[in-house]
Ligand SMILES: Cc1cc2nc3c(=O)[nH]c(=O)nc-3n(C[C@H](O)[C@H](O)[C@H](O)COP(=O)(O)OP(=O)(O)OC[C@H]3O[C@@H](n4cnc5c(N)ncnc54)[C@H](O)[C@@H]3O)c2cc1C
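Single chain ahead, by itself, as structure tokens, in the form predicted on its own.
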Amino acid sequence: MSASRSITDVLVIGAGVAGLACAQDLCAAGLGVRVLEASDAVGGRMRSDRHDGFLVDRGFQVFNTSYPQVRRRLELRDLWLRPFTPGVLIHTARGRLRFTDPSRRPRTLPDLLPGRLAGPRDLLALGALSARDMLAPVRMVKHAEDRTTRTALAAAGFSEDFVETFFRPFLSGVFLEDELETSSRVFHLIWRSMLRGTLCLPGAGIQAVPRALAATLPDGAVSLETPVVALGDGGAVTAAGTEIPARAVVVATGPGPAAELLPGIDVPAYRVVTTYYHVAPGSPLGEPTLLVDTARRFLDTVVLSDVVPGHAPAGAALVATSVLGTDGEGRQGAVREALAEVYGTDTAGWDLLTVRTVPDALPVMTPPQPLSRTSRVTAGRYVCGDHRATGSVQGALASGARAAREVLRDLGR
């Protein structure tokens, strides 16, 4: 086994957004930092690939501009963000319904008239909930009673019909579960962020976000294709047998590798999601709007090239459709059949470009859900990631920031 000569202040293992945020803060404080990434590029789960002329993210993702950590760390104009419509289309047994934030698009106010999407009781409840979540101090949301989202919606006065028509199909795609069992604290924070921000996609794919974070680090700080297989007493050991000494090590990998490197840490279960990318001869929708299904045959579907035209070459449209779980037998046919119905078009001629399954797409966040947990594991050993906070870009970045604060405190900085 060989050893590197100099001792690094901090080793960060994993170049996802949590690890990059941690490294960013440590470098800003004057520490020497090395980031070791097993893959061939930064990003973790936020990766993008070119596939036969199409730009495909590794699983359907969105970017929220209102997250505090995002605004602190990134110049949003550099990401060339393209917005989704501020609302969703809902496929129901009685036809397609539209839910749009009328404060952003007043002309859509008639879509919310009683009897179309919701009754007066639900509209009043929706206004009260949205006003509270948007305007109240965030600490009130964080310290409210934690229960399931379904229980919280019932307590807020929503009818079961409106929950089943709007909240359940929409939030299934947000939380990657269709029983509304996610923590109500998490729901209120996410709802608040949607009201305050804009859901977008970067023009160069979701990987533009971690690339922008990595660009703020010193040259040479990130080492790609450098998997770590073990932690030693004074640092980390790579797959090549090199021992890299460090005063502190932060494990910022996915949940599986984190549990292997730090046996005994508490890692939650994760939601699995599969996204089908179809190529159509033209857009079946013609607008950058998320479409959900009350029959819950899929989580959500969107014409990505309506959001970012550069995701598809000229003369083609790229459609992304996500489902819970893996790509099982017969599932592709069922998804294609559902898409024909919800888009109102013949999908038999659509080509299946690729299928992406993400086994650790989002941590399970049932109540009671801690919104943040310490990164300290043992002396000189730390862990960060969305599994230490909330399953979101904000949660991952905030966890990395907390790890940096705790490392700095423990190193006397």
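In this text the structure is predicted, and so the values were computed from the model without any measurement. Position 1 is the first residue in the sequence shown; the rest follow in order.
In what follows, reference is made to the form predicted together with this ligand, a form of this protein that is not presented.
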{"item": "Contact of F54 with this ligand in the predicted complex (heavy atom, 4.5 Å)", "value": "no"}
{"item": "Contact label in the predicted complex: Y67 to this ligand, heavy atom within 4.5 Å", "value": "yes"}
{"item": "is_contact(F60, this ligand) in the predicted complex, heavy atom dist at most 4.5 Å", "value": "yes"}
{"item": "Contact test in the predicted complex: A396 vs this ligand, heavy atoms, 4.5 Å", "value": "yes"}
{"item": "4.5 Å heavy atom contact with this ligand in the predicted complex for all of A15, G254 and V358", "value": "yes"}
{"item": "Proximity to this ligand in the predicted complex (heavy atom, within 4.5 Å), stretch among 22 to 30, 344 to 352, 364 to 372, 38 to 46", "value": "38 to 46"}
{"item": "Listed residue that, although this ligand is not shown, lies within 4.5 Å of it in the predicted complex (heavy atoms), from V249, V228, L339, V319", "value": "V228"}
